[in-house]
Each structure stands twice: as structure tokens, then as C-alpha cells.
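As a starting point, one isolated chain is supplied in C-alpha cells, in the form predicted alone.
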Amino acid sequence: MTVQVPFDLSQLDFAAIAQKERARNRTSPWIVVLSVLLALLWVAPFYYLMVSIFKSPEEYAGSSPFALPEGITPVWANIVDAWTTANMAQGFANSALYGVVGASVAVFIAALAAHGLARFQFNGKTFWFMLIFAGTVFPFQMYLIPLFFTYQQMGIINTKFGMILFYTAVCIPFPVLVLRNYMSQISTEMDEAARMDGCSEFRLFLNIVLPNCWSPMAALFLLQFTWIWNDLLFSTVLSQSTDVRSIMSALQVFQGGYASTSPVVVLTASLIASLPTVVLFLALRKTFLRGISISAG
């Protein structure tokens, strides 16, 4: 028989307990100082960018780079100059086409592949998964030369179709890895019930599996869209005309020994080119964070 001894709360020193808890949760002043320094280092380039785009070329050349601008009027002239010099309208349209189509199709194909790898049993499943996953292991630069000559022989170099084809293919492996792990955690009872009711496999995928994967798919779309939008290497090599080149390739007009554009125009063009990915992230931030947390779990 167990005898319970009454516990006297008056014996506890609540003041000492509270002091010990505060000491445990107290942040070291060195950590605070280090955090502030790191924050300043991170914010400094953005501060330099924001104060520079509001300056005229003459004001920028005659003042300190970190000095506040005298007004905001010059920013409009900088925007117009950057937009027209780099032909940014065409670059924006091309990058938007490559990013939206390439990322969307890649994530959808990856979802199909992940569905088969996660929910079907067949011989060689591990081999096919490792073959697809190998696309994320090797650096993309090693594909550059064979890809260039292959595109040249096929006659699709310097074409929008060729750019979309490349971006779609290169963006498939990583989403397959993420979606396969996520789909493996979804119960298969709904699949079995749907098959008993005569549902086809493709309809099962569209109506049952896909609606449960919107969050991780949206997060993957944002990641792949950002990579496509920021790509410079393949856009420069696989495209040769302004009608096909992306926005990042369009910014190359500001580089080289013959470029005489003011730094404020270059900074303004860089800011304009980065806005779509920032806006897209802000628009999908809740879905992105939810998808990341679900995929990590």
C-alpha cells in the first residue's frame, strides 16, 4: 500500500526559483552586440541601394555614397533610363514566361513522379528515384557544353521553347525529392476506397492526392520560379537575342568597358529586376511557410 505524503508548498522558495528562471532566460550582452552588428552588416547594402536610387548621377558623384538624397525626384528619371537602356520590358516578359511555365510544369511533373514513387510498388523503384535525384547532385555547370551543342543540333538554341524546355527539365529533381517524402505520409486508405468505386489512377491523383499537396507545391513553385528568374548563366549561353534573353541577361548591357551608365541607373535597374520575386514571396508567404513546415515535418 502506497502512502501519499502531503507536499507543503510553503517550503518552496518562489523568489529563488523566479530568479534562477530569469538568469536562465537572460540573453548574454555579447550575443546582443553580435546580433546588432550582423543586422547592420545585412542592412547596410540595402540602405546604400535605397539612398542611391533617389540621387541624380551628378549628386551621386559629388556626395558620400551613404549620404541621404536631397530629394526623391531623380528616381523617376533613373527608372525611365534603366527601363529603356536595358530593354527591361522584353526581359520581364521573357523571365515571367520562363518562370511561370517552367516552374509550374516542373512541379506538376514532379508531383506525378512523386505520386508513382511514393504510392506504387514496382520493381526498380529505388533505381528510378536515385536516377531522378542524381539531377540535384551534380553542378549545373557541367551540363552547359553538351547542352549547348545538343540545342545547336536540334535547332532550338536561341528560342523561347528551348529555354522553357531546359528550365522545366532542370527544375524537376528537387521537387520530386520533397513531394515523394510528403506523399509517403499521406494515408492510402482514400486511394483504396476510390479504386473500389472505379476511380482511375489519374483522377485519383487529381482529386485526392493533389489537393493535399498544394502547400508544399506552392513553396516549391516559389523556389523554382526564383531560381529561373535569377538565372544568368544558362540564359546567356542558350539565348543570343534580346527577344529571347531573360531580365538578368538584359542587365548585362550595363557591364563592360563600353558601358557609360551611371551607377545610380544600374542600381535602379537591379532593384526593378528583383521586385517580382519579392512581390511573389509576399503574396505567397503564408502558403510558402506552411509548405516548408509541412515538408520539414
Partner chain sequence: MARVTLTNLVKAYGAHVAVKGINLDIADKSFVALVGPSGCGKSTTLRMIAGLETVSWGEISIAGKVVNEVSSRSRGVAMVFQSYALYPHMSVRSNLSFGLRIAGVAKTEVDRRVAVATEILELGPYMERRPSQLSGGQRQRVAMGRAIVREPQVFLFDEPLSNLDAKLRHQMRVEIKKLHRRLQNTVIYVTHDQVEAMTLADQIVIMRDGLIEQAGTPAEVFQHPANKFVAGFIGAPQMNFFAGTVTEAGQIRLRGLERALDVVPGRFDMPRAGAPVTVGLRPEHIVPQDHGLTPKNPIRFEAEVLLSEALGNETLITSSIGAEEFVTRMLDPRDVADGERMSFALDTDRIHLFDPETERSLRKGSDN
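Keep in mind that this is a model prediction, so the values were computed, not measured. Positions refer to the first chain, counted from 1.
What comes next is about the form predicted in complex with the partner chain, which does not appear here.
- Judged by heavy atoms within 4.5 Å of the partner chain in the model of the complex, the contact stretch among the candidates 116 to 124, 136 to 144, 204 to 212, 153 to 161 is 204 to 212.
- Contact annotation for residue 130: none of its heavy atoms lies within 4.5 Å of the partner chain in the model of the complex.
- Using a 4.5 angstroms threshold between heavy atoms, residue 190 counts as touching the partner chain in the model of the complex.
- The partner chain is not drawn, but in the model of the complex it has a heavy atom within 4.5 Å of residue 196.
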